[in-house]
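Only one chain is shown below, in structure tokens, and it's the form predicted on its own.
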């Protein structure tokens, strides 16, 4: 009996930020999601791609009836009503899944078209699935071909020209606001991949006063030392945050880091001095109600995507070229799988 390749997903195209953050999974819980998936009868392989803008389940099964079981497990895992799920999610099968994966990995399907972080996230997700042995020969082959195609597109087209990343776009936004970052006091909260790239982008754009904070002080101190900045203890944030003009958050916390009550009291200590917040996290680190306080401005990932894609029209031709190349490669892979009777 031939097997079927399926995709179940919710992304920035189908779900607003407030829904995506409900589906976000931190690294401590990803194993639990896999455990439940691997118990589904006739599900032979699975891989979870979990980023700030998408949660995607790549599946190999003998029976398409597993769809209901996957949806039930997904909703139970997230404590989400299954009656609302179809509004924010979609299914793909066969060649459409391969096409989708190739476009995701290359950055064509990203909220910030052409961004560079996604390929690293796909590779990391593949590594996790391989380590727990939830992927088998079919997904191994599909993802290896995906990596090869992404590398070709990156090396032979201009889709990633300018090295678009969440961190670089956040810094572009800061430059738009202040014009010059030389005298701006900046605090970056979070020392993961996005936080590191943001700090380095700030330094390269002329920022001289950069502080770093993290729930693990050693991580903050290490990153701060790399750019001759200052490390701030996480527990000291409520008392020192008033010293900063720009605060950029990118933690993996499941709880609010900066509350509206914290900022309301903060603004009493800096009258008539605006504060700008950029929240790069999903779930969000910053309570949206902070903007109820005068002179406080907040931007999130959706705002950054608008900035990153402002010149999208000028790149439509290159995007279409990349899409055509990727489709040709996906077609060749799929034809090979069908020819060898590996998949339906």
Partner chain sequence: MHNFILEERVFIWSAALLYLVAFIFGFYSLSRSKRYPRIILITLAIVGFSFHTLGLYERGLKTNSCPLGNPFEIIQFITWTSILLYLVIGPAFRMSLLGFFSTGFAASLGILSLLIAKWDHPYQTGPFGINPWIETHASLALFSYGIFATLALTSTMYLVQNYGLKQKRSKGMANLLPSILQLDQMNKRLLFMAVIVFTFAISVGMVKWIVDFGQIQNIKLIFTLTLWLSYLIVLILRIFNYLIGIKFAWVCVILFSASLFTLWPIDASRPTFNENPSQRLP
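Everything numeric here is computed off the predicted structure, so don't read it as measured data. Residue numbers count along the first chain shown, from 1. If you superpose the two forms and keep the largest set of C-alpha atoms that fall within 1.5 Å, you have the rigid core.
Only in words, not in the display: the form predicted together with the partner chain, which the text now covers.
Residues with any non-hydrogen atom within 4.5 angstroms of the partner chain in the predicted bound form fall in just one of 231-239, 210-218, 174-182, 125-133: 174-182.
Although the partner is absent from this view, residue 274 contacts the partner chain in the predicted bound form, with a non-hydrogen atom inside 4.5 angstroms. Taking the partner from elsewhere, residue 293 is found to have a heavy atom lying within 4.5 Å of the partner chain in the predicted bound form. In the predicted bound form, the partner chain sits beyond 4.5 Å of every heavy atom of residue 318.
The partner chain is not shown here, but in the predicted bound form it comes within 4.5 Å of a heavy atom of residue 310. Checking 48, 60, 298, 69 for any heavy atom within 4.5 Å of the partner chain in the predicted bound form turns up a single hit: 298. After superposition on the rigid core, displacement of the C-alpha of residue 179 between the shown form and the other one amounts to 2 Å or more.
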